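The form predicted alone is given below as one chain in structure tokens.
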């Protein structure tokens, strides 16, 4: 089968002919139909330092955002069935540790991630635990199915607390930030302020439902937020960028007693005064992956009802052999979400 592989430390991937996976007990093999590139895949492709410290086993089939058809099942699998169309939860958990046993499997102590700790989904076939397969109803376009995994991150960040009637700022309008805007709008937020330096992404933020979009390097975000909120500040901030500046912006613009959801991963240390959070009584939520599996039900409802439309986020549809073109477009800021159509 075709597979995109990180063969050794260093930049780039290789398209190779790899052995087909065989399901073990409790596992299934999925024929991948669509798979999409995550920001972490780009970091892995470029071999950024923080990613180099994480990936230690080679070769590794990469990729984790995927959907496809179940083609074989291992011993003891009750569902899904052969022929089911499924999206993949990429956090593979032990089911035994304290976190798993107390309803927090998304932060399993022995967590493995598809495409990093085990072979991933930039391939014709991928093997996963049966429990990691989410049936996708026919009401959801097949092209959206691989985007359900990252959308779960957006759901858990924006809805870390209820946002109906609230004013929210979303800092960073990459794919997950853009999804977050649509989720906030569908969930009844009264005011959505987005912050993003890229002109292309600022325009998309407006199309996804933002009321005001700010360039944080050319405009005064603090002043704009205060002007739009009668000097109160926003009730909630979803920090999606991993930018130290955005983290400090979040602390300043959130209203006393409000909350901040942190999803973006930081590549450097951030210096701040914890008293700025304490004295404002700010609640901070740290988001890792998706809650298993309640978040997936919310994602399905948003997409099936068309309250959130992902068409605008799919900027490129390519075959797997054009992977270098895909990663170049992402590196140059010319793409939002790149979908690999594995049937072509």
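Every value quoted in this text rests on a predicted model; they were computed, and no experiment measured them. Residue numbers count along the first chain shown, from 1.
Keep in mind the form predicted in complex with a further copy of the same chain is missing from the figure; the text below concerns it.
Asker: Among the candidate residues 206, 224, 118, 186, which is the single one with a non-hydrogen atom no more than 4.5 Å from a further copy of the same chain in the predicted complex?
Answerer: Exactly one residue meets the criterion: 186.
Asker: Between 46, 319, 307, 315, only one gets a heavy atom within 4.5 angstroms of a further copy of the same chain in the predicted complex; which residue is that?
Answerer: Going through each option in turn, the one that passes is 307.
Asker: Find out whether any non-hydrogen atom of residue 71 is located within 4.5 angstroms of a further copy of the same chain in the predicted complex, and reply yes or no.
Answerer: Heavy-atom contact with a further copy of the same chain at 4.5 Å: absent for residue 71.
Asker: Could you confirm whether residue 216 comes within 4.5 Å of a further copy of the same chain in the predicted complex, counting heavy atoms only?
Answerer: No, residue 216 is distant from the partner.
Asker: Verify the contact flag for residue 50: yes if a non-hydrogen atom of it lies within 4.5 Å of a non-hydrogen atom of a further copy of the same chain in the predicted complex, no if not.
Answerer: Yes - in the predicted complex, heavy atoms of residue 50 and a further copy of the same chain come within 4.5 Å of each other.
Asker: Answer with yes or no whether residue 190 is in contact with a further copy of the same chain in the predicted complex, where contact means some heavy atom within 4.5 Å.
Answerer: Yes - in the predicted complex, heavy atoms of residue 190 and a further copy of the same chain come within 4.5 Å of each other.
Asker: Would you mind picking out the stretch of 196-204, 118-126, 146-154, 229-237 that comes within 4.5 angstroms of a further copy of the same chain in the predicted complex, counting non-hydrogen atoms?
Answerer: That would be stretch 229-237.
Asker: So which residues in 88-102, when you check a further copy of the same chain in the predicted complex, have a heavy atom no farther than 4.5 Å from it?
Answerer: Read in sequence order, the residues that approach a further copy of the same chain (within 4.5 Å, in the predicted complex) are 96, 98, 99, 101, 102.
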